[in-house]
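Shown here is one chain on its own, the form predicted alone, set out as structure tokens.
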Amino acid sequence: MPRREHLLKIGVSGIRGVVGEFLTPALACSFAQAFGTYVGGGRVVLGRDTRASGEMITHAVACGLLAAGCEVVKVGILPTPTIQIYVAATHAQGGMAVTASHNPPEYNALKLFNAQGLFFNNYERAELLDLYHQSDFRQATNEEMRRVITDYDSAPKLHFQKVLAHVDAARIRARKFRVALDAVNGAGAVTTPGFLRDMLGCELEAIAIDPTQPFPREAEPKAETLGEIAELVRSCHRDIGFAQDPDGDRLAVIDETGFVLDNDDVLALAVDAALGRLPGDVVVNLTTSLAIDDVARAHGRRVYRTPVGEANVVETMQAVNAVIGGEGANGGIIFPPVHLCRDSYTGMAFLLDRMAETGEKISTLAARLPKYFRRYGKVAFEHGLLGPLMQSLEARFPNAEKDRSDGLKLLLPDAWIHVRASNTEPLLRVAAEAKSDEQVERLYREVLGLFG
């Protein structure tokens, strides 16, 4: 049996773990009561994805919030960005999404949002955790007990109106794009078909859009797990294909040939579109491709880099008033005029709008991007050994420029290596990028050899 800390983790977005012995209803209730105490009672928005444990954890969270004197607004099964936008638009005290995002189905998590619908920053998170560990929760009296109300319709309308305000929806609808969708039977199964078909006039061929069924593939939408939708794009002659993770913040894109675009290239296309319209710089995490720097340089803009994690990217975006940002490796696009959150719906609309504007295929647009080759992987590691592992990596590349803000990133001429502990799983994540396939393969194998 793995040690307890491996299966329950508190990170930049909230608390998550394997449901059962580690993430229990009692823990979820206590954490929610701490959250309700921290935000001072009032109205708190609560939504979830489609995991089998979601209803159980949602009930536990609602109990904790009520115990702290909160009014709970249940919005049902919705994408995480939709919940975040609703929190901000309705002036709630905060929000919680019961979702483990891209993690396997046996995981669940509590994602926590402040009154602006943003992930807690480091200061807010530290205060909340202190309160939780002290168990100094507000205990509402009978007279202070609030109610649970539901609003299942408003949030998607708010979200999609914001997205459509930043694209030429009429131009997209006029093209009648033939689109394929794989919503992994997640939260997007409830909202994405209508967004693409009804809002953007696409001719839709969709799979995995039954929220009552289990995830039919690995939750994280990456090339090796998207064979079914890639074949659907080819066989049904689609112009483009989209795949989401269970809570709808991550986006994968398949071109008209059935080729799954690299997530960094998807972000680069979105960055290029945004910088062509609006002033401002770009913020991405340390594992995001140098292609972003090349695109920004072509527009005369600057790129800022942060530790991995949406909360870290958003905090820097606020500080520098960035026009767009994201996390390339995980398919996250953050466009502040919609909301400061990863949002697959903004990504879908941006790409369709660019195709409609230029009249070009998605493969043609992607082919114009600066060419880099990337490798990603993960390895298990024992606690206590990470320091020596990092030291051996530094010694192997003594002339590299070093960034220790999130694990260790080594910057080489036209290449880089990044090794860090996962925010969500008991793993070491390894990434490398270079200008040639041979160089990145050699770098990646050298790193794995050190950790193997």
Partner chain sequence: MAVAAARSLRISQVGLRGVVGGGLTAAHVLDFASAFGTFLEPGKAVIIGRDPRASGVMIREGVVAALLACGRDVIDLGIAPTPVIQHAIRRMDAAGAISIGASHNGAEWNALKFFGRNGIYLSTAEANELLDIYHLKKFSFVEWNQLGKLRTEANALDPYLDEVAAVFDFSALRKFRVVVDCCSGTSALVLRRINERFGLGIILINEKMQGVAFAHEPATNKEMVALQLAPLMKPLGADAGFLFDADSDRVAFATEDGTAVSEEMVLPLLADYLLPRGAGKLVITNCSTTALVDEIAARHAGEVVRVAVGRQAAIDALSIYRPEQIALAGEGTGAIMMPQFRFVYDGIAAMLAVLSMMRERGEKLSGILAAYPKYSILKGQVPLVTHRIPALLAALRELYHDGRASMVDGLRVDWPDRWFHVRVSQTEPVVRIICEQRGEAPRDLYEALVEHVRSHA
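Numbering follows the first chain given and starts at 1. This structure is a prediction, so every number in the text was calculated from the model and none was measured.
The same protein also exists as the form predicted together with its partner chain; that form is not shown, yet it is the one meant from here on.
The three residues D264, K361 and E401 each lack any heavy atom within 4.5 Å of its partner chain in the predicted complex.
Contact with its partner chain in the predicted complex, judged as any non-hydrogen atom within 4.5 angstroms, is confined among 408-416, 48-56, 388-396, 34-42 to 48-56. Its partner chain is not shown here, and in the predicted complex it never comes within 4.5 Å of any heavy atom of Q439. In the predicted complex, its partner chain lies within 4.5 Å of some heavy atom of A67. Although the partner is absent from this view, R173 stays clear of its partner chain in the predicted complex, with no non-hydrogen atom inside 4.5 angstroms. Within 4.5 Å of some heavy atom of its partner chain in the predicted complex lies at least one heavy atom of C63. The contact with its partner chain in the predicted complex, taken as any heavy atom within 4.5 Å, belongs to Q139 out of Q161, Q139, N122, N321. Here is the short version: of L278, A126, A298, M145, the single residue with a heavy atom within 4.5 Å of its partner chain in the predicted complex is M145. Taking its partner chain as positioned in the predicted complex, the residues of 74-109 that bring a heavy atom within 4.5 Å of it are, in sequence order, K74, P105, E106.
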